[in-house]
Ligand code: BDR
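Okay, here we've got a single chain as structure tokens, the form predicted on its own, with questions on binding and movement later.
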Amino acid sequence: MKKQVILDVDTGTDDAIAIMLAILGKEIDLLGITTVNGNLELALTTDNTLRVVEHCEAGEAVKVYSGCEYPLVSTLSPKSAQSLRPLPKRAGVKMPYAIHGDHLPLPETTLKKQDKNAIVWMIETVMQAEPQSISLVAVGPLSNVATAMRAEPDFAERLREIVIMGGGDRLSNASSAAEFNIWADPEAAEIVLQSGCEVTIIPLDATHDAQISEADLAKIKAIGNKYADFTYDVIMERIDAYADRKADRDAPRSAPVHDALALCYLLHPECITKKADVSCHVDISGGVAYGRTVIDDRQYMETSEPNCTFAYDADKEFFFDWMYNIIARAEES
């Protein structure tokens, strides 16, 4: 039986690949996609999501719901370092070293988001389903998920599991201490981690262990369908951005596709080769470590009771083959 899945995204290039693979792979029952502010402002993450759904010819089957426009707390302080504070619209302005342009390289979409807010739809969908029947894959800031948990106290208990792309132990990217998805809404992430739900975190440690290279992309490009072309364009944009930022030192001319690995794990846990049950909390103190995932695996300590599974290493070949095979088997209308 296929897993019932809600995909929560801030699309974004790596989100786009995850959405495409979720639709084309036909391995899950994708109940809907919810969007949140993160890589880009909410209107853009929603528009990009709709573009991917239409590109995958799934407009009738996959509905898109728009959620939180801002993080829960972090932008309230005038001294906040968060990139998501209420600024003038930045559409058309390329940020230095930006990985995500405002719009994906896809035509304008004819699809529209649903009228119902993402959080309302998410709560209704989970609460009306059989308990522990829905998996949530959250690959952006956790504002939508935390808000749902605060609005409906039984929401976390009713979920089967949450797979989060975010955080890092050895690695960071938004600051010297924190990964972007957690840093963008640290308080939301801490709410989710303390919810009691079964949580798996796919952090930078794992995603950087499964980077896609230019040579890999050449193999995908050779498939010759529109999904291969899109994958090539989007991941090449990521590779160029990582090179510009000198962030590809360990694997030159390659880049992680973070969010797709989180989806792969949900379906094929063997793609993660090392993981551990740990105590994980998020620094919400507002200092230099704001948004850092603080990992403690000392299970002999009473204060270190595990609240999540944390991935450390990934099987790059398995991940690439999974992605390649879905794209190669995809049919165009």
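Computed from a predicted model, the values in this text were never measured in an experiment. A residue's number is simply how far along the shown sequence it sits, counting from 1.
What follows is about the form predicted together with beta-D-ribofuranose, which we do not show.
- Only one of 145-153, 117-125, 104-112, 179-187 lies within 4.5 Å of beta-D-ribofuranose in the predicted complex by heavy atoms, and it is 179-187.
- Only one of Ile220, Ile134, Leu204, Ala241 lies close to beta-D-ribofuranose in the predicted complex, with a heavy atom inside 4.5 Å, and it is Leu204.
- Using a 4.5 Å cutoff between non-hydrogen atoms, Ser213 does not count as a contact of beta-D-ribofuranose in the predicted complex.
- When beta-D-ribofuranose is considered in the predicted complex, Thr45 lies well away from it, no heavy atom lying within 4.5 Å.
- Remark: Val139 counts among the residues lining beta-D-ribofuranose in the predicted complex, judged by a heavy atom distance of 4.5 Å or less.
- Shown alone here, Asn39 lies within 4.5 Å of beta-D-ribofuranose in the predicted complex, counting heavy atoms only.
- Along 7-22, residues Asp10, Asp14, Asp15 each place a heavy atom within 4.5 Å of beta-D-ribofuranose in the predicted complex.
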